[in-house]
Structure formats: structure tokens, C-alpha cells
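Next comes just one chain, in C-alpha cells: the form predicted alone.
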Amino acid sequence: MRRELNILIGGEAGQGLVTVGELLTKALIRSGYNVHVCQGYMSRIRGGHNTFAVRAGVERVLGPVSKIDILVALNQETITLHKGQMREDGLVLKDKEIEMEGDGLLEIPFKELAPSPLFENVVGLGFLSALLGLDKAVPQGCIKDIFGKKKPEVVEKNLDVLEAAYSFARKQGIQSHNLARTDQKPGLMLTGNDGVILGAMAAGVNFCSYYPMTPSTGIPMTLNAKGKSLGIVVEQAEDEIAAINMAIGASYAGARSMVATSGGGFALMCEGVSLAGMTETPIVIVVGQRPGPATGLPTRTEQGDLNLVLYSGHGEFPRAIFAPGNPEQGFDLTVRAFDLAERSQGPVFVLTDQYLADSYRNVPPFDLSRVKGPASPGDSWPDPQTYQRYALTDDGVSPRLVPTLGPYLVVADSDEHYPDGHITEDLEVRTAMTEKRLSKEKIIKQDVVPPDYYGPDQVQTLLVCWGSTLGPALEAQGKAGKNKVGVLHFTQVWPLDQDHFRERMGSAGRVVFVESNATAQFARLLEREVVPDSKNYILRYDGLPLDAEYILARLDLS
């Protein structure tokens, strides 16, 4: 019995590997296993080399691994590219038409077991489920859930193919890759994008505009498919400039508003970010990072857009940037982002990346009792004639009312303006308004999320990371020895409160910054506040996610 397995399914886009991968992942989670999925795909509709790597274990699994226990080859290229990653006792599952020689091979008659190519992925699901020792009723249930909305005969055909695959697997008599039993309760199967989506729904989002861009497109697409009953309006704009301006306009009109994009799309939105800053309009902006510059590697991952988001927009105005490390944090931080956007009346960012956005994990159900409704605009004013949208206040936050909902006038302008919102070039007013806008940073700084620390009080080596690098860093810590290594993980990367990390970083014998970019963008930001005596960098920027092996190979613990 194995306590952990890494299964990689490889093939071309259009061969159904995502379907079989998602069904297998769902079956594993329902069987009580911990799961981490890493998807690799190329920027094309059909063809190319795609992978769906499912790491399943009795114990918690937090990141990807490179070594493969079971390789499911749906085409010849998968063998060529991944045979070098096989463990010594690994198993390759392939169709007889795919060429490969050596030990650890098993031919699966995909075409004989499936009545048509459409069902070959279910052959893979059935054989893998049997190989892992899963109760057949579990994948049967997954098939009914997935195909149940179609014609009953479609479900029956898929169940027949699953039965044939199980029968074939039993005849092979292979039990060497059965997973040990677990009694863990099944959780939710969520990606990082799913965490953000559910957080937005919990926060009461009711408007989302976007222009499609990997890896964030799944957010508006899911809101469009699942959010209609909640009154969520989703609009695909003609471009990114229109998308962010629509969201700002919707927020001005009272909607709880967001946009979702990636680095290239966000670059086009930057003038809109300034518009939100000047008009003091709440908006949540989700940026899913991928490698640039320009189109770069559009379907791979990187943490290369922190500086772009931090310095986006012209002029000076406050902002906050959150960076979740897993779907649970995506949920919590998105709720927080909507609340902070309203309280600070400006743009708040949720910064993810392709690795986090597309990675499935098993997640415990969210505790919705912890969700407090985000702040809302006011709904009345004692004397409508005296209402001023940009009234000067002690904390810089002016009373925000929604136009047309009362007998008051709401005037907003992208030019400098008087407290009543009308345009002005009075330089004294300009100075007062600039100071008013900047003073709202106090609102943001009052509620900065401190970094999470994992490890003993005193460590020789401290790994400092942010966003999606959390899981790989924790796994590296576990393999290195928790008494040797600590992990300091930031989920809010701007603004920073040095009281939250100065002592921890100062007391470590050596600080190692771990990031998925080439220039250590977050480390440079932290070093403005604290410069450790001894520091190193572990950086990855080849488009693949960090993993524990990559970190440990570069972490000298001697």
C-alpha cells in the first residue's frame, strides 16, 4: 500500500485529459485523500502538450513534485517528454499504438474498451481508480454528477465503459499502486480561482466586468454561470480599458464591483486605477500573474507583476494588495478586499498566479459564520442640500452616497475638485484634496494582515515567501527539518507593517527569500524596512511553479 502517489496524465488539448483528471481528483477527495493538482497547458485550443498532475496522499500534500509514480500517456509525446521523470518502480499506462520499451509498462486497450474516442478518458478513469484501489461506487457517483444533466443513456454508456475498465484492471492483478485506506472526511475540490470566486460571492459582489485573459478568465465565467440566482451581472467588455471603467461606473452607481485580468490586460487598465483613486471609488481588481513581458508564456506561472500592481496608475493615492497562498486564503482575503475597498474608498487588489489559479486542492468547507458583511455606502443625509461627496474629514474618508437613491446630488470628477465634486484648479484645494486622499492610507494600515509564521521561535534559516509559494515552502521546511527551518509567509504584500516581521527577520541566522520571479520583487520591498545580516535568494522564472525539491536543491543546510 502506498501512502502517496504522483500521477501525471499527458496528452493533447482535446483528448479529454482534464475531464479524466478532474473526475479522478473528485473521486480521490471523496475517498478521503489529500490532493494537489498542477495543470500545465499550452496557449492553443487543440493540440500542444498538456499535463494534469494529480498528487494524492494519506497525509497532507502542499505542492507539486517532479518525480512520477504513474504516467498516463495519451500520446507519444508524453512518453518522450516525461519518461525521464519516472521513479524506479513507476508505472507507465499507454495505448498499444504508443511506442515504448522497458519495464514498468502496461498497455491499456483504450480503443477496445471505449465505443468511441469520446469515452477513452473514462477508460483511463476506470483503470486508474481500480489501480489505486478506490471503491468503484465512488467514480460511478462522480460520473453521475458530471453527466447527470445530459441524457440518461450518456450516463449509462459512461458507466458501462467504467465497468469494462475496472474489469480489465482486475484481470491484470496489479495491486502495487493501491493507496492506503484513510478515514478522513471528504472536503471541497477547489482551485485558487474558486476560492476567489466564492469569497466574492460571500462579499456580495453583484457586478464583474472583464476581457478574457488567462489565468483569470475562469473567475467571470464561473460568476456568469453560477451567479445569476444571486443577481450578479457579468459583462465581457470590448477591451480591458472598457472593462475597468465599467466596473468603476457600476461602483459609482452602487454595485459591489470587481474586475479580473492578468498582467498584460492590467497594463491597459492602469489609467482606470488612477480614475478609481481620484474619484475615490471602491473596486476590487484580481490580477492573475503569468510570465511576461508582453505575451511571454501566457499559460505558465510567475510572480512577476507585483511591481506593476504596486506602482500602477499615475498620481498618488493609497491601495492595498493581498496575495493568497491557497483557496482558503483566496476566500478570506477576497471578502476582506471588498470590505477594505469600501472603507478606504479606492482600489484594492487580489494578486494570484496561474499555478494557484488552476491548482485543485481538497479544502475543508468554509466557516461562513466568520464572514462579516463588507461595509456599504450610506443611504441618507440629514440635509440633502449640504451633502458633499468629497467633504474634508479627519480620516480622509468622505461620506459616500449612491446617486438617485435620495434627494441629494452626487458629483464625481476625474479632474481635481472641490469637496462638492465640481472641477477646480484652485491650488489650495488641490493640496487639501491630495492630503485627504493620502490620509486614507491610515485606514488601510490599521488593518494590515500580519504574515503567518511556521516553525520554532529561533531558527538558523528563515524562508520568506508570499502568495502561492506557501505550500512548496512548507514542504521544503518539512523535509529539511522543522527545527532547522522556519517559514514566514505574507498574504498582504502592501502596505507593510514592519512591526509584524522586523524582529522575526532580525533574529534569524539567515534569511532566504523565495519567489517565482527573476528580480526578487517582494524581497526588495521588504529590504526597504529590514535588511537582514545574512540573506539569500531562491528564484524561479522558467514558467513552472516552485516545489520543495527545487527549494531544497538550492538551500545549503550544512
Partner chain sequence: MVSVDDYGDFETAWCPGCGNHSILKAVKKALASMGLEPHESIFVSGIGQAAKSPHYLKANVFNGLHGRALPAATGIKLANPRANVIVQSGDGCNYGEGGNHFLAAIRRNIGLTLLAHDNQIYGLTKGQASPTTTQGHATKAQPGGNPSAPFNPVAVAVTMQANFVARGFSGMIDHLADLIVQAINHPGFSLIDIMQPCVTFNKVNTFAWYKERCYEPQGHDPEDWEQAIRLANQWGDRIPVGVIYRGTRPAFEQTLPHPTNDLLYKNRPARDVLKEIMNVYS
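From a predicted model like this one, the values you see are computed outputs, not experimental measurements. Positions refer to the first chain, counted from 1.
In what follows, reference is made to the form predicted in complex with its partner chain, a form of this protein that is not presented.
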Is it true that 81, 85 and 284, all three, sit within 4.5 Å of its partner chain in the predicted complex, judged by heavy atoms? no
Taking any heavy atom pair closer than or equal to 4.5 Å as contact, tell me whether residue 368 reaches its partner chain in the predicted complex. yes
Is it the case that residue 176, even though its partner is missing from this view, gets within 4.5 Å of its partner chain in the predicted complex, heavy atoms only? no
Using a 4.5 Å heavy atom cut-off, state whether residue 404 contacts its partner chain in the predicted complex. yes
If you check in the predicted complex, is residue 408 within 4.5 Å of its partner chain, heavy atoms only? yes
Choose one stretch from 463 to 471, 162 to 170, 226 to 234, 319 to 327: the one whose residues place a heavy atom within 4.5 angstroms of its partner chain in the predicted complex. 226 to 234
So which of 450, 373, 481, 296 reaches within 4.5 angstroms of its partner chain in the predicted complex, heavy atom to heavy atom? 373
Contact residue in the predicted complex, from 212, 419, 292, 377 (heavy atom within 4.5 Å of its partner chain): 377
Taking its partner chain in the predicted complex and a 4.5 Å non-hydrogen atom cutoff, the residues of 238 to 261 making contact are 238, 239, 241, 242, 245, 246, 248, 249, 250, 252, 253, 254, 255, 256
